[in-house]
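Next up, structure tokens for two forms of one chain, structure 1 and then structure 2.
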Structure 1
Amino acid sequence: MSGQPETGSGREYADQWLAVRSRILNAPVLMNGVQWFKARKRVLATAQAGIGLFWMVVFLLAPLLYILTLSFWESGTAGTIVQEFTLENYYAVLVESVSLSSFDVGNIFLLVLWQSLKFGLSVTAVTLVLGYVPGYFLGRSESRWLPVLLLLVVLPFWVPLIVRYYAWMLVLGENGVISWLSELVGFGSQSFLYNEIAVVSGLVQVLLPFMILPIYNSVAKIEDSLIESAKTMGANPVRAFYEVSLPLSLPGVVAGCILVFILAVGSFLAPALLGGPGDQMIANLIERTFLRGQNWPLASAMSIVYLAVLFVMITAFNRFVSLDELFGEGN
């Protein structure tokens, strides 16, 4: 309505103006109270939602776009940035290390990325094995202690990650609980820290609630009558579980696996505290490149590649469950 005619006589122009004018003049009259209320509501709601979106655009998207730019810039000596276009950073990340200032971590990126994905898969598998039964139990339990039992799953999530991983160090460490048990059964005291198993077990320990809760949610929704009727039809408990409960619990399983996998792959603290030098993951490499290597463009390129991988994974997962469901309803 505000578009001006590209060609045309004064007559057309005048017509258009009249149309606009009549629309403006008539609008409040044509709109009844409900319509006016709705239009106002739409503007208000958009503005309200816009505040949160604006925050994310300024403090999340803009920084991400900025590092996208940075990842194509050269890094100078002593942590400076040279605003010259280059593909050097991506070459270093994806192909092989070129001499980049003093800090050479480029060519191990793919190795570390692969290791992170492997850790993610192991953690997801172990978490599923350990988390399914408790999730199922909570979902089917009629105990009056259920709120307390659920609280006990949620509470560890509130404790700072650093404390939880430190606690796991106390369990696995030289003078720790496992070492004490190992001494009791005659294997002598020893440390179980700084290896792959320590990292995976620590991540499992920390991420278990993310598996248990979605499974609980799915199982709790299954109606008793479904399982009962399976039994009435002659299925034994195992068969009834296999035919009814298991398929109906799958949405929770899928949601739990996706959450645990994504969170495990992005983990920084578990490898930093529990792993040895060879167990570092993608987050550790980015931190090292940024803080110790002082190579911001290279760290940016790594972050961008990690985000690309994450984006591909999420798009693939999206076929099973949308982000909104994952974090919104199910949680």
Structure 2
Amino acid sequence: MSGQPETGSGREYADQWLAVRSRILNAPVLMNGVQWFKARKRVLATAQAGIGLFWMVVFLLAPLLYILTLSFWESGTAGTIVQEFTLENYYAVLVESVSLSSFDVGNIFLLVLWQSLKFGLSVTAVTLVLGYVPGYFLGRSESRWLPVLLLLVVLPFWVPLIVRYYAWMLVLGENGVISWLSELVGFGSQSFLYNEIAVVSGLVQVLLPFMILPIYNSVAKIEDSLIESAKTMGANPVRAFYEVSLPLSLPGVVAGCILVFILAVGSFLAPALLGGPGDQMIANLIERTFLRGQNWPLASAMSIVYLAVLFVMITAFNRFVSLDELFGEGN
């Protein structure tokens, strides 16, 4: 009996709240505003596009424009910047040779850039080989456990990147699992860190979801009737895959390759933590020039040349593969 008045009071408050909410939602000002936006869909779409454009200009184009401007200025003493036009930074990046340990090794920027591109190609090839089968299996699966399997693919994203690389250091280190297996088969305990294989292994482990998910998305769109038609016309499962599934999964393959390649070439943590002194990549060189060398104009020129090389490679790839037609067919 003691709770009866409280229940009645709570119900009264709920009724009052519903009445207030109904009056707010049906207020003439709010209703007129909604009707105004509905009548002006183009204005609303323009506003949404404007917000996105503003975001791109402020946080992408403006910093890039500043980096481009810095690349044509001179570097002064003690990290200062002299605002005088010069092409010396680009000469140093593209032409000038440097001396390391009394040996003239040519242009260090181009050497590191070439090494970064090799790492990018290696990581892309390995992730494609390892990621196509899981992506294809997930795309064709009708299992009720499919959401769980997809969750397992994206689960590594919940762990900070630096934690994953440190975990990989434990795996490849002298006291890690790989070393234990090596000792078990008679090769002795040894470290597998600080070499090219460690860098590629770490990048593959981190970037594999970026290959699996686009392939899964493309394969999931393939209609069963196309594969069944091929089998009805006499194709065995292998030929049906080669004639139907593989071509229709190419948009996902291309998207995954582009994503993985760009992310791998620009990687910073993997070569810094897993690689040796000779395995540094372009992001490490730019960081050292920016922060340790305090030569912002030279580092800016490196960044611009790096972006230009990537742009040329993606453009050439687009002309060769025709991404518009490929993704158009995929859709």
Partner chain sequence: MRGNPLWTAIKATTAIVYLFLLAPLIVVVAVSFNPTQFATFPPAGFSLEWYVEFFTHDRMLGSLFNSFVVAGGSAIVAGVVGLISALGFVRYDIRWKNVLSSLLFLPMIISPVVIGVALTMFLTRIGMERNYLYLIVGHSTLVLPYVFVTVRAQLYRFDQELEEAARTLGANELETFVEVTLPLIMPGLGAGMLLAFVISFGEFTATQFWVQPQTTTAPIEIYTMVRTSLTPMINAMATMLIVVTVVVPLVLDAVLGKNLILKSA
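Quick note, the numbers are simply positions in structure 1, starting from 1. This one's a predicted model, so the numbers in the text were calculated from it and none came from an experiment. Rigid core: the largest C-alpha set superposing within 1.5 Å between the two forms.
- The chain as displayed in structure 1 is taken from the form predicted together with the partner chain.
- Taking the rigid core as fixed, one finds a CA shift for Leu263 smaller than 2 Å between structure 1 and structure 2.
- Positional change of Pro277 between structure 1 and structure 2 stays under 2 Å at the C-alpha, relative to the superposed core.
- For Val43, the CA shift between structure 1 and structure 2 after superposing the rigid core equals 4.0 Å.
- Core superposition places the Cα of Ile314 3.5 Å apart between structure 1 and structure 2.
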